[in-house]
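The chain that follows stands alone, in the form predicted alone, written as structure tokens.
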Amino acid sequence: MAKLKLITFGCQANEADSEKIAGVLAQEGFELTETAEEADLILLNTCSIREKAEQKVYSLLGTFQKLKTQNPQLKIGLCGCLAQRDGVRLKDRFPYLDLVAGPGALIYRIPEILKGGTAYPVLPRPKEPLPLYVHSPRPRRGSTFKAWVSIMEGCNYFCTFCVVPYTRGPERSRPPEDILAEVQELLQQGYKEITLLGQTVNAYGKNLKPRTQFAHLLRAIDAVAGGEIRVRFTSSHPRDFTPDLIEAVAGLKSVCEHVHLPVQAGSDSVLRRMRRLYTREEYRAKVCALRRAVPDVALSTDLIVGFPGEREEDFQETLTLLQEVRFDSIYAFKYSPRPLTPAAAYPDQISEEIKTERLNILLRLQGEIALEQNRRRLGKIEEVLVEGGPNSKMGSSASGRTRRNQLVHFSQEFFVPGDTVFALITEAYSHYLKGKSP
């Protein structure tokens, strides 16, 4: 059997795409291997959101070129957003590449491209409909109890820092009946949790006829799941976080009490330059409405520091937003100029030194807030889906996540990944909790 080494960079959407790639190639006789040296095919599923990920890809390509020199039969391919953005130019830069294929529907053409022996001419702004799950090879899922479910592809917002609309194309949603068929199959296979994925997941359904709202999809999934499966979703855009969606999160048994709602900055001036299409106060109003409806909801967000033109007073407004909203967790990044995006050409770029300093300040503040938030869980009993086994570094015998997406380590109890258990929270730290059987 042929061996496939598959390396994934970036977001959860890329992880889901890699599972689809593995499933497609399994039908062609490939099985996964952890060792590049024994692989017959090496595929890098790439991300283009940040420059650091791209540099890792280029470094690995240099390493794998040596393997190809030693084994001319080895095939090397590049998939994902970086492949979509740069297309056949990558073939010019790395002539030993056997395949270049973007995300979306091209995943299912990888066997055809490999047999053709040439790079696929990737087109900008892919617009092809998403393949139907019921007629596609099944993903080779990385877990037997947690699953990614892609419900849409692309984005229509064109934030000035983001390359996704150019690499993933405009919004295209899967028909709800196709999504429900996948969810039903996962239920039959005993899965305990699904995460609905989309670049702007709560914009789901705008291009469907008849138009379908994301809240309606959640209700349909909840009716199928009957509370037998946890439902998460990411990533949401504040503009599409509607009262109807808040009502669904509050009322549906299957939907977890955790919302990831990227804000990106706390300054209206920066938000305008980012083209986020909401103000600081509009964002806070959404948060207040959500917390009124779901008092115990955990809230996480994305933040960018050092966006072009970000003044010190702008950065201070981001810090005060953290203090006011009190996020349970954040994903914070230094601004990284991306090709094709307007912000990359802004003249008032921020120095790397200032970006690093601001990121460190932001993370320190969030660490204090997260610790306070987590201490509120002390003495509570939480439902935990066990994900991992013993961890000597943490001194834990097992670990898992609550419905609020908080990581819990158990010190003594023996649980198997996939178990759903209850934990009495005994210790709280900035990034995790510790617990024991009640």
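For clarity, every value in this text was computed on a predicted model and none was experimentally measured. Position 1 is the first residue in the sequence shown; the rest follow in order.
The same protein also has a form predicted together with a small molecule, omitted here; what follows describes it.
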Q) Does the small molecule come within 4.5 Å of any heavy atom of residue 333 in the model of the complex? A) yes
Q: Verify the contact flag for residue 318: yes if a non-hydrogen atom of it lies within 4.5 Å of a non-hydrogen atom of the small molecule in the model of the complex, no if not.
A: no
(Q) Can you tell me if residue 404 lies within 4.5 angstroms of the small molecule in the model of the complex, counting non-hydrogen atoms only? (A) no
(Q) Taking the small molecule as it sits in the model of the complex, is residue 191 in contact with it (heavy atom to heavy atom, 4.5 Å or less)? (A) no
(Q) Each of 300, 328 and 432 within 4.5 Å of the small molecule in the model of the complex, by any heavy atom, yes or no? (A) no
(Q) Looking at 372 to 380, 391 to 399, 48 to 56, 24 to 32, which stretch has residues with any non-hydrogen atom within 4.5 Å of the small molecule in the model of the complex? (A) 48 to 56
Q.
Please identify the residue among 199, 173, 366, 254 with any heavy atom within 4.5 Å of the small molecule in the model of the complex.
A. 199
**Q.** Contact residue in the model of the complex, chosen from 137, 309, 262, 111 - any heavy atom within 4.5 Å of the small molecule
**A.** 262
